[in-house]
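Presented as structure tokens, the chain that follows is alone, the form predicted on its own.
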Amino acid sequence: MEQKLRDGAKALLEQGKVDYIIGFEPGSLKFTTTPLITRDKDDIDRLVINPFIVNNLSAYLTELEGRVGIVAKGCDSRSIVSLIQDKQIAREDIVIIGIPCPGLIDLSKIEQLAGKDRDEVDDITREGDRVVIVVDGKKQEFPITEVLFDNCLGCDMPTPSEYDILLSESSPLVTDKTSSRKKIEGLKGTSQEERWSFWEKEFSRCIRCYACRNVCPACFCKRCFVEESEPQWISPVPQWQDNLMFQVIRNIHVAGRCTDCGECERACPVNIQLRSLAKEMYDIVDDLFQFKAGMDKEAAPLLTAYAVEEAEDFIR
């Protein structure tokens, strides 16, 4: 599949069908990749597909001019469709190279299972529904569901439905909806006071770096509300109440656009449990409006459409 990707991407550049290719290349650290944005066909041989292609590359589409070929996993393709719905990009300017995603490996889970820092791990390989971790020459084997990102375990669409080129027809993704929602259900099982205390502790660690906002494809405003001073919605000082308010407002802003790609939580440098907020909003939107982001590029964005038969309990 990796060679098919390189051949296809190179052909797109050589035939002048795209001006840029966005994909993944090996990162500078072990078991990582980094986004590759290039218009040079000689760079194409650096493209890779592996269990560590974590970035949602659709976030870069609003920054480039011209026709773009982009490597897209299932959740990435949904983000692309959402951007098309919001008229942030034009479908005719995008060539989507679809990857059936097998699920992405969360290195923090690997570290917990191996009892070692990722730099001390010799090798990580997937063998069907198992993952093999090698530390000091010794192999340890675990179910794949124990090392995938939580959002991967609950994925609704591992294989892109919107694409121009599909590198394979099916995905070997092993899902576990219960494990995917374990953190969320744990929170929902506590009292309101306990949840408030939990988020106070979480957001007291926030340094307001905005990595969660910057990595999110659904956060495409040219000027964010946190940068407004007339009126000033929240303090620029990273106090926990303002940090919580930022996340609550941000989640309302991306309601109906979030695809549960998990980028916000993955990018957080202090490991705040951001997906619990994002996924809960995702589920509320689905429950109230039977709407999941990025499923149909012809559908109107959630907050621009109204049906008479819609339930109105949420505004009473």
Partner chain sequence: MASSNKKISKRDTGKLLNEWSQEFAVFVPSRETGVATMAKWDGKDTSFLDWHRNTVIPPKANFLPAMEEMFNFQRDKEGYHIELPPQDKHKQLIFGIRPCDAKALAILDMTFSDSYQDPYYLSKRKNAVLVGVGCTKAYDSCFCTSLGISPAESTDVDLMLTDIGDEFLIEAITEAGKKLISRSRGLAEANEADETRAKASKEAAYQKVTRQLDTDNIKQRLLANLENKDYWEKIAAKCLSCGVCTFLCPTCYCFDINDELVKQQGARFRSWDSCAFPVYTEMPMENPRVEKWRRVRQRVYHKYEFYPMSFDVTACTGCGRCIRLCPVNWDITQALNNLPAKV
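Positions refer to the first chain, counted from 1. Worth saying up front: this structure is predicted, and the values here are computed from it rather than measured.
One more form of this protein exists, namely the form predicted in complex with its partner chain; it is left out here, but the text below deals with it.
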Is P172 one of the residues lying within 4.5 Å of its partner chain in the predicted bound form, judged by heavy atom distances?
no
Tell me, yes or no, whether P158 is in contact with its partner chain in the predicted bound form, where a contact means a heavy atom of each within 4.5 Å.
no
Any non-hydrogen atom of P236 within 4.5 angstroms of its partner chain in the predicted bound form
yes
For N50, is any heavy atom within 4.5 Å of its partner chain in the predicted bound form, or not?
no
Which one, 67-75, 87-95, 147-155, 200-208, holds residues whose non-hydrogen atoms are within 4.5 Å of its partner chain in the predicted bound form?
200-208
Contacts with its partner chain in the predicted bound form, stretch 248-267 (heavy atom within 4.5 Å):
R266, A267
